[in-house]
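In structure tokens, the next block holds one chain alone, the form predicted alone.
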């Protein structure tokens, strides 16, 4: 009951937020929040640390941007195709990576993501370092013009809620319980008869598809698909968002994404912009040393110890 009240309060806040803050900034926060939630599904509940999740974010963005520019598709179809493209790439990456464990899994994902980065750098349809600029937002279902920032924000909010609900349902399903068992003790899960690699592969594909959904949506918000979204720095940022918010918590990645994006947005201008990466590094160090369970994890511990 308390969770229901909290969710309703957060929904009301999300609906009212664009009257107080710039809608494009809020839409950016939601895109990265979905990206972080998708990554957390893999790390927090399957115990798999991917260093290459930017490949899926960028793939969704490039596919959606290219289709919007050259095919004349409506945005919901372009986003769907971008999500499918990211999911298919995740299926290929997953087959190659899930048989590895620990640091070897992380290094395989990083190497594969770098291949994708250099592919997009050299491919003629991506415009190289210039990226896909001037991506039209189009009209949703051919009826609702997304060029209005307020309309775009509420469209992104609906996509985020749908993605968040899917992740939440996945975590609390029997499939999600098996993932937790694999995270806690993979050998025991294997002894119980579960095909561990198959479950990890499915989790990887779902996570990749949702990351691509975030990238597709982000491309429409900024009307741009660039190499930044597929660079290894982006893979590092989503790890930071998840750690700051709380690995293995449902709402933690949302809070972490909001914190990091807000910090980047308000500190990037002026003299502080030259030190933004140093500040982010300091935040990461403080998080690891002082509260490893993240903001939400620490709040949950405080609640358990005091109530």
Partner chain sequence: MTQPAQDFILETRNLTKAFKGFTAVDDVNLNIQRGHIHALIGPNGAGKTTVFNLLTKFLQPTSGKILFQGEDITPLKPAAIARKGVIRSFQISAVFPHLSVLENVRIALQRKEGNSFHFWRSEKILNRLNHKALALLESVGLESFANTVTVDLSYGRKRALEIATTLAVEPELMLLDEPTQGMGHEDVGLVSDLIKKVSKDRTILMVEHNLHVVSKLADRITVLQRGAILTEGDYASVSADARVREAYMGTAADDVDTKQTAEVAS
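Numbering follows the first chain given and starts at 1. In this text the structure is predicted, and so the values were computed from the model without any measurement.
Separately, the form predicted together with the partner chain exists; it is not shown, and the next lines address it.
**Student:** Although the partner isn't part of this model, could you tell me whether residue 114 comes within 4.5 Å of the partner chain in the predicted complex, counting any heavy atom of the residue?
**Tutor:** Answer no; every heavy atom of residue 114 is more than 4.5 Å from the partner chain in the predicted complex.
**Student:** In the predicted complex, is there a heavy atom of the partner chain that lies within 4.5 Å of any heavy atom of residue 122, even though the partner is absent here?
**Tutor:** No, residue 122 is distant from the partner.
**Student:** Even though the partner isn't displayed, in the predicted complex is residue 177 close enough to the partner chain, meaning a heavy atom within 4.5 Å?
**Tutor:** Residue 177 belongs to the contact set for the partner chain.
**Student:** Taking 4.5 angstroms as the cut-off for heavy atoms, does residue 192 touch the partner chain in the predicted complex?
**Tutor:** Residue 192: contacts the partner chain in the predicted complex.
**Student:** Pick from 139-147, 72-80, 194-202, 211-219: which stretch has non-hydrogen atoms within 4.5 Å of the partner chain in the predicted complex?
**Tutor:** Of the options given, it is 194-202.
**Student:** Select from the listed residues 181, 106, 157, 98 the one whose heavy atoms reach within 4.5 Å of the partner chain in the predicted complex.
**Tutor:** Only one listed residue qualifies here, and that residue is 181.
**Student:** Using a 4.5 Å heavy atom cutoff, which residues in 131-170 contact the partner chain in the predicted complex? It's fine if the answer is none.
**Tutor:** Contacting residues: 166, 169, 170.
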